[in-house]
Every structure is written in C-alpha cells, then in structure tokens.
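Only one chain is shown below, in structure tokens, and it's the form predicted on its own.
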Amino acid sequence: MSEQREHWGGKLGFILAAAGSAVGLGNIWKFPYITGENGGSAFIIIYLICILIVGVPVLLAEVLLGRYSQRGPISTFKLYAKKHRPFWMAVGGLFFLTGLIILSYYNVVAGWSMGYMVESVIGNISAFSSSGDAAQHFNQLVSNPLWIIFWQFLFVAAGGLIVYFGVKNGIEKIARLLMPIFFIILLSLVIWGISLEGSEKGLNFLLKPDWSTVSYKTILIALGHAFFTLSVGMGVLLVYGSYINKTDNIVFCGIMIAILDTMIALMAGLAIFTSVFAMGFNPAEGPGLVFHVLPAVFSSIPHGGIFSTLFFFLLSIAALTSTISILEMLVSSIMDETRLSRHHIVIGASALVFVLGIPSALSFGGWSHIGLWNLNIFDVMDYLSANILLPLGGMLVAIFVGWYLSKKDVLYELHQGFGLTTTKRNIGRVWLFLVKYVAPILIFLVFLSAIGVIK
C-alpha cells in the first residue's frame, strides 16, 4: 500500500458515515414504494424482523471482518482465506463488481433527485393537477439525454470530490455536517405530513397491519430490502470497519446504524404516506411514487414549492452519503492492491463510474429498447444488484466469518471494546449462531427466489 491506512476521528464519525451509507435512496425512494406495494404495516413488521435476525448479524459480521483485517474486501479474502483461496479472492472481486454496478445506476437516480431539487426551486414542480401530469413531466426530463447525463455527471463529481479528501477530512466531515441536516429536514416533513387533513389514512396504512396481503414473496422482498438498505453484501461496511480503532465497540456501533437506518425509513414512510393519502393519491404506485406522485402532492398544497425543494434536497443528501461510501469501497480496494495514490484512484474510479452509468441514464430515452428479460439496462442493473449480488455477497460474508475464520478469533474481535461479561458472551454466541446458520439459509432463499427457482 502506498499510504498509511486512515482511521475515523471517533466512534460518532463512523456511526454517522456508516448510517449515511445505509440511509440512502433505499430508505427515501425504495422503502416507501415497496411498502405501498406490499400492504403497508404488515410488510414493515416482517421487514423489522428480517433486520433483527439477519440484517444486523450480517452487518456486524462485515464490520468485524474489516476491523479484523484492516484492509478492503479483495485483500481481506486474499489474506485470510486459508482454504479455497482463489474462490474467496473472487468473492472480493465480486464485491468490487457489485459496487460498480450499483453506482452505474444509483448515480442516475441521485441525479434525478438533484435535478428535481432545482426544478422545485425554479417553480417547474408547482402546477400538476394529477400524478399523470407529474409523470409526463418526469418522462420528458429523463428521456432528455442532456438533462439526465448532466445531473448524473454533477453527482458523480460531487461524490468524487468528497472521497478525494479522504476518510477524516472528506467522508467523516461531510457525514457530521449532512446527517444532522438530513434528520432535521425529515422530521419537519413528518410533522408537516401528519398535520395535513386526512393524514390519518396514511397513519392507518402504516400502523394497522393487513395480513391478508402477506405471502412468502412478501417475506423474501422484505429480506432482500434489508440487505439493500443496510449496504450489506458489497464490502462498504467491511471497508468502513477497517477504519475503526480496536477499542471501539462495534456491537454498539452496528446496532446504532441499524436503528438509525430503520428509524429514518419509517419516518420517510410517515412523511410520504400521510401526504399521499391526505391528497387522495394511490400509495401503490411503485418506483414512480417519489417522482410521479409526490410532485403532484406538493402541487396540491399551499407553499408546496418549499416542501418540494426540502424533500428533494433530503433525497439528494441520502443519495450522496451512500454513493461516497460505495466509491470509497472501490478506492480502498484499489489502494490495497496497487501503489497508486488516493487522488489518482478517485479520479479514475469516478470517471469509470460515470461512463458505466451512461447506458442506465439513457435507458429512459433512446436506449429504452435495449436490455434483458424484458427490462431496460437501468432495471437490469437494479435487479442484479438488489436481488442477486447483494444477497449473495451477504451470504458469503456470513459463511466466511461463521465457518472459515476460527470461532476464537471471531469472538475475540467482537468483544474488543464490547466487554466480556457473561451477558455479553451470550450475546456473542447468539450472534455467531445467527451468522453461521440462520442468515445463510434465509439469504439463500432470497437468492433462489431472485433467480426464479422459488416462484
């Protein structure tokens, strides 16, 4: 390695940065619409159970592996895979590939959010009489290659600039600045949504479970989203874990990350569904919920332009904190394997991510006919990452930590900074049981569902 490995300035910096990675478009864009498609609070309850028994244990396993190795994913598996070394090195490469694929389309959606924030400021999102009008405006924008590629480029450049300055001076500083702002804006939108006349319908949708809508597919969707939203299964938390000091309590940190991520997802659901129901719109609009329905909602209320600007600024923050974490994983992996400097790697990786994202950006215009499985390029990238690569990566991390590393080393690493009381030893045993047996089996079911074996 050409540079000494950096570390976080403190435990709070890690929690905010990792929470920023987890709190992304999965919370603000994806969680509300899949909740709307799967019956509201019944889905939320299942999702919370999945977070508890699978999401948190695998999150801790990935963070632990990073702190244990003090390296990125490729170097970690190369160093510690005593058996089947070529396979595990390929797993490290799989994490790298997953990050590239996610950023290739994630920056496109992030660009939409930034573009819509500006659209709100200049007043272009203020006169929609229906969600159909808002959808038409959205389709016109995303089919314009100059508009969509411009905002995609701007977002890639913003993320690259932050990562360029490193862990302490770039990622940690921006997380400490943006995450409190993010929370204040979101809380304001929740209060506003609840205050609207008719918002109780949205509250009922979120708080009263309808179990008639639940099937095994609902459970698999909830489990898959638990991985997507926590940033588990692509090496991001492994890299962030490698910047943690040995004296820090990773159990506390991991639980706080999951709590913040879940709390913000639920708050986003409150803000969105109370306003959607209050204005009489359909919550089961799918991926178009944020860009088709909410602009029409904002157009229907007094001072809607202000709330629209705040919302899309919020969405932009969420996207930015996630993209910088994935880019940092790519940069760290290359730094571990080469003598190149961080600055050169960031510039090269950002350029690569931008170029790889152009096909996804054009998927809603001139390239809409190109794709696989009746999906355009954007949807293919989303499907591969969220339904196959992330669950597969999470399952392999669980297997590696649970079965390939020694039990003694794993529990020793877990208890550093956590403590060795009888209760904490029992917590460690339960965690290791979930990582070894429960998580791999449940994740494997998600994987089988994604590839069509379970229908």
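In this text, all values refer to a predicted model and were calculated from it rather than measured experimentally. Position 1 is the first residue in the sequence shown; the rest follow in order.
Keep in mind that the form predicted in complex with ligand PHE is missing from the display, and what follows is about it.
**Student:** Tell me, yes or no, whether N27 is in contact with ligand PHE in the predicted bound form, where a contact means a heavy atom of each within 4.5 Å.
**Tutor:** Yes, N27 lies within 4.5 Å of ligand PHE in the predicted bound form.
**Student:** Can you work out whether Y106 and ligand PHE are in contact in the predicted bound form, taking contact to mean some heavy atom pair no more than 4.5 Å apart?
**Tutor:** Y106 belongs to the contact set for ligand PHE.
**Student:** Does any heavy atom of S363 come within 4.5 Å of a heavy atom of ligand PHE in the predicted bound form?
**Tutor:** Contact with ligand PHE, no.
**Student:** Hey, in the predicted bound form, is S231 touching ligand PHE, heavy atoms inside 4.5 Å?
**Tutor:** Residue-level check for S231: yes, a contact with ligand PHE.
**Student:** Of I125, I171, V236, L315, which residue is found within 4.5 angstroms of ligand PHE in the predicted bound form when only non-hydrogen atoms are counted?
**Tutor:** Contact residue from the list: V236.
**Student:** Answer with one of L220, L270, I326, A258: the residue that has a non-hydrogen atom within 4.5 Å of ligand PHE in the predicted bound form.
**Tutor:** Exactly one residue meets the criterion: I326.
**Student:** Using a 4.5 Å heavy atom cut-off, indicate which stretch of 343 to 351, 238 to 246, 89 to 97, 317 to 325 touches ligand PHE in the predicted bound form.
**Tutor:** Contact criterion met by 317 to 325 only.
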